[in-house]
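There is one chain below, alone, in structure tokens, taken in the form predicted alone.
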């Protein structure tokens, strides 16, 4: 049975333990950043930051509210990035049948920067990042080495509030619905984001658009030179048509 995350943002305190645990487990180097006027740091996902706590501040019901969003790859049931990559080089991106993890293989190193950008643009959540240094597409791999050896992902292991959860998909959806029922008593707008389409299910308390531009699933834009009608037709046929 495939695995899923449940990320309950109502319990997130933005301690960034998950963000740091990810970097430490992957043995990623520090990334030089600058103060951008927000506690969010670094400013965005990158080749050495597969996990990022996004910060948003709003005045809601006459109260200042922080909304935290632990961003990562959603490991989609039908990954747009894989469909795009298959049109270029089959096997560059695979989906593990046992866990549901979407994995980028060494073959992505054979992509040109433009091909990598084309594949990245097919992600409905704008997650993959191109590494100039390594010459490959990168993103969260669900800590595949850990979960295939009976451990939970590093981000889940370090979470101390119950925000990050991981297990069999049916169990995570059940837990999500149970928490949602309780949370809606205080936050009537609370919802689960795209639970039927992804393996990383977010529970949010407010309108998803308040958290992050790409918290809302987007429809990929047409590639250069593709007319609108051709693009709309391509959404219901193999993605290879989009790459010629």
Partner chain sequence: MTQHWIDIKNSNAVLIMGSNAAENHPISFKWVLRAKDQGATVIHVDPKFSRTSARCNFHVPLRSGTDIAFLGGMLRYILEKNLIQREYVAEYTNAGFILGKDYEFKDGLFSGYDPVKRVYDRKKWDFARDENGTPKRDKTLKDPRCVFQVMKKHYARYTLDMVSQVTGVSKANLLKVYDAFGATGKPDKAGTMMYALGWTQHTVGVQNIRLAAIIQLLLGNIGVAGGGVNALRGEPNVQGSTDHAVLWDILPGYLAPPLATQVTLEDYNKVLTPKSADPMSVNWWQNFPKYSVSLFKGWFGEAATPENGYGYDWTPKVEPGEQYSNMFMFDRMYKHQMRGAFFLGHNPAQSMPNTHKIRKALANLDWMVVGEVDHTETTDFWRGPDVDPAKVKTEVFLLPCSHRGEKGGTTTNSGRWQMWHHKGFEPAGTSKSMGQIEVELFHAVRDLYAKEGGAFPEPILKLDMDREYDPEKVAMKVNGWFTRDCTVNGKEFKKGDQVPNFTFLTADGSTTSLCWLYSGSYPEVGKNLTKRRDHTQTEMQAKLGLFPNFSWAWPVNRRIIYNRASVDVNGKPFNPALPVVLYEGDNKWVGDVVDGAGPPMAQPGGKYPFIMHTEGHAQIFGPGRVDGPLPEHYEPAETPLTVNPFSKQMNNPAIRWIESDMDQLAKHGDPRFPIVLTTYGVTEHWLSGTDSRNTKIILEAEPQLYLEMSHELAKEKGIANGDVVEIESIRGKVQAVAMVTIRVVPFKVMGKTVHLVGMPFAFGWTTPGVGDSTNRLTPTVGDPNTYIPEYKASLVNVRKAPKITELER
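The structure presented is a predicted model; accordingly, all values stated were derived computationally and were not measured. Positions refer to the first chain, counted from 1.
Note that the form predicted together with the partner chain isn't included here; everything after this is about it.
For residue 207, no non-hydrogen atom is located within 4.5 Å of the partner chain in the predicted complex, even though that partner is not displayed. Contact between residue 57 and the partner chain in the predicted complex is found at the 4.5 Å heavy atom cutoff. The closest non-hydrogen atom of residue 33 lies within 4.5 Å of the partner chain in the predicted complex.
In the predicted complex, no heavy atom of residue 202 sits within 4.5 Å of the partner chain.
Heavy atoms of no residue among 72, 177 and 198 are located within 4.5 Å of the partner chain in the predicted complex. Residues of 18-48 lying near the partner chain in the predicted complex, listed in sequence order, are 19, 20, 23, 24, 28, 29, 30, 31, 32, 33, 34, 35, 36, 37, 38, 39, 41, 42, the criterion being any heavy atom within 4.5 Å.
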